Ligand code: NAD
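Here's a solo chain for you in structure tokens, the form predicted alone.
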């Protein structure tokens, strides 16, 4: 007999081509004003356009969002918000920008609006994190979920194929970990399976035809529901490894997910056998870890930690950080098995059941 507990997140989603044009009216409907627009240094032009679109609803622009939300950047953004008497934020970009908006919501109570331009999915979860002293610390807080998320597929057309691929595999990871588990939530798993199918079908087309708006729209939808699965589901070894490598060794977030996913699925495959078979079915392959590995190769994403600048001499330290303190995961997390996983991932070898 099925037994589970479920608590939904306060999602408010607007999805469609041209949806970003509705931002001012949606802000008014929600009673949000004096918005600090957040973006990365490379996206200042897009950030300024959003600020112009908001008119007097905008308090100003902060164009220094960074990967993994360094504590120094959070402090800088917080001071900027106070100086401008901002009451809310609008983040335009990927996980770095959305993550900063969520951190400001958690720390300063600023209402946030997210406009994703990648497939990272951060906007669909209550997970937020800050990196300080070489460690990325994450927490869950429903209050950081954006008051509004606008998905406009046209905004993803400028995302290069290479980044689209790694970002899409980041989204895939969020779905996979909520199917290939020993204690699946039926609701989270249903979202996740649909996300896996959609991403596996759309990402190759996005990479082959970057201007294909239908494929872009499908990939963005897949990323949305894949991240939704994570938002109401759970994490485990995979995300612990990614956060450790990103926070301590500053590896690129999406590419780290892409490299590690086949190996973490293989790690849990025996313990989570039924869920791993469901992942394989959703991908349309016989073996889930190998299928993910081959998909990454097809998309042209990195398949080895060595390609991300990780030094083989640091793998012992990564393993030691990951295993302490303990955390939920389908298979027991031991330093020897994690170290073997990392060695395979460093070399870019096909995934093995370590």
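Positions refer to the first chain, counted from 1. Being a predicted model, the structure only gives us computed values, none of them experimental.
Just so it is clear, the following notes concern the form predicted in complex with the ligand, a form of the same protein that is not shown.
In the model of the complex, the ligand stays beyond 4.5 Å of every heavy atom belonging to residue 109. When the ligand is considered in the model of the complex, residue 136 lines it closely, a heavy atom lying within 4.5 Å. By the criterion of a heavy atom within 4.5 Å, residue 253 is counted among the residues contacting the ligand in the model of the complex. Though the partner is left out of this view, residue 43 does reach within 4.5 Å of the ligand in the model of the complex, counting heavy atoms only. For the options 185, 96, 248, 78, the one in contact with the ligand in the model of the complex, meaning a heavy atom within 4.5 Å, is 96. Just one of 117, 198, 88, 181 comes within 4.5 Å of the ligand in the model of the complex, counting any heavy atom, and that one is 117. Heavy atoms within 4.5 Å of the ligand in the model of the complex map, among the stretches 269-277, 202-210, 154-162, 218-226, onto 154-162 alone.
Taking a 4.5 Å heavy atom cutoff to the ligand in the model of the complex, the contacting residues in 50-88 are 67, 68.
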